[in-house]
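Below sits a lone chain in structure tokens, taken as the form predicted alone.
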Amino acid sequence: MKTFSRVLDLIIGFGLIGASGITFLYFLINERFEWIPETALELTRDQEILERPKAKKCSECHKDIFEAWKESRHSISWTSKTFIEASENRSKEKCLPCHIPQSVQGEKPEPRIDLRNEGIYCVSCHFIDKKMHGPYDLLAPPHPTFRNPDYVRSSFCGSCHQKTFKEWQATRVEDTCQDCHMPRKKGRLTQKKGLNLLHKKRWVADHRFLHGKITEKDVILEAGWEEKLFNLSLQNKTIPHFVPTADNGDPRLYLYIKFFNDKGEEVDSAKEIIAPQQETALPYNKKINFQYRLFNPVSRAVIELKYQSAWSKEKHQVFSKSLSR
């Protein structure tokens, strides 16, 4: 029997017919679903969901969240070429817990054996003790759903992103990981016809787990001349963790400086690599200073900052600035 048919049977069983009945049912489901006997709800359960299903099964109801997740790095945490190469064909055991987690619950998870190609998927984060957990307490006919406040706390993300979580903690900024990387908008939790109308609209998080873009508003440049010295500083002004940040990957900022004389000829250059694995990443709201001694007459400097993610060889420009003497 289809889930929606079970729901209809439940409605008829309560004798909720007509506009007033529908209004009461809507109130009951959204505000007082604990009044509904558990024995009645068990008739609507989908046993396949209660046995750690594939993400495709979840998509039958949560189509929008599923489509967003498919765009995320989480969905390819086990299958991406970058991970396979960096983990020496998945042989590094320290990588497995966070790339194929059994259950994420605020502590470093255990790796799972089944459905590894699903990566970090719905069940990894939401399935605990044969029940679905999330940011809301609500009635979901196919499966039990329970509110867990950890889903809107940075500590949940810290299960795997431990280094970044500690960096965030040190900033004492109130915005959580989810505020920046899973921004919320009002919408339906489910899209399946019939079931999508059971609940009122709620704040739904973006399950693309947005990486975020570093701009010149985030990293502030200050530079100036001092006789035969060129002084430069970078300050991570807005991002409440180190930039770049990673527990094991190798994202990088590249700082390029070229020096030119009065004729426009390049007479010197410098390059800095700003990366977590080299312990040179930019901490939050702190100036990091660089100084260069000049041996040739210089009248202009061109400064470029480029970003390279851990999974790409492409460098994206953050800013490019020219400073005359």
Partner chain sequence: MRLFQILFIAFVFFNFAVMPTQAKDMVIKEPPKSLSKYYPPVSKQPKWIQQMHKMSGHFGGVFLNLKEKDFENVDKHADKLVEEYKKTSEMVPEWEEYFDIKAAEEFATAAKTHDIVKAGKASGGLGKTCGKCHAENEVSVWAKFHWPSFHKIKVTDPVSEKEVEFDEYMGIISSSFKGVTVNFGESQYGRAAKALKTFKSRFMELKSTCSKCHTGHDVKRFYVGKDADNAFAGLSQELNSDKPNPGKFWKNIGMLGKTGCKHCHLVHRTNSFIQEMWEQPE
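Residue numbers count along the first chain shown, from 1. Nothing here was measured: the structure is a model prediction, and the numbers come from that model.
Below: the form predicted in complex with its partner chain, not depicted.
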#### Entry: All of K94, R252 and Q291 within 4.5 Å of its partner chain in the model of the complex, heavy atom check
yes
### Task
Using the partner position in the model of the complex, report whether Q278 sits within 4.5 Å of its partner chain, counting heavy atoms only.
yes
### Any non-hydrogen atom of K271 within 4.5 angstroms of its partner chain in the model of the complex
yes
### Query
Can any non-hydrogen atom of F33 be found within 4.5 angstroms of its partner chain in the model of the complex?
no
### Query
Can any non-hydrogen atom of R116 be found within 4.5 angstroms of its partner chain in the model of the complex?
yes
### Query
in the model of the complex, which of the stretches 244-252, 209-217, 122-130, 169-177 has residues with heavy atoms within 4.5 Å of its partner chain?
244-252
### Query
Exactly one of H199, R184, R153, K163 has a non-hydrogen atom within 4.5 Å of its partner chain in the model of the complex; which residue is it?
K163
### Query
Using a 4.5 Å cut on heavy atoms, which of E88, D137, E110, E107 is close to its partner chain in the model of the complex?
E88
### Query
What residues, if any, in 307-325 have a non-hydrogen atom within 4.5 angstroms of its partner chain in the model of the complex?
K313, K315
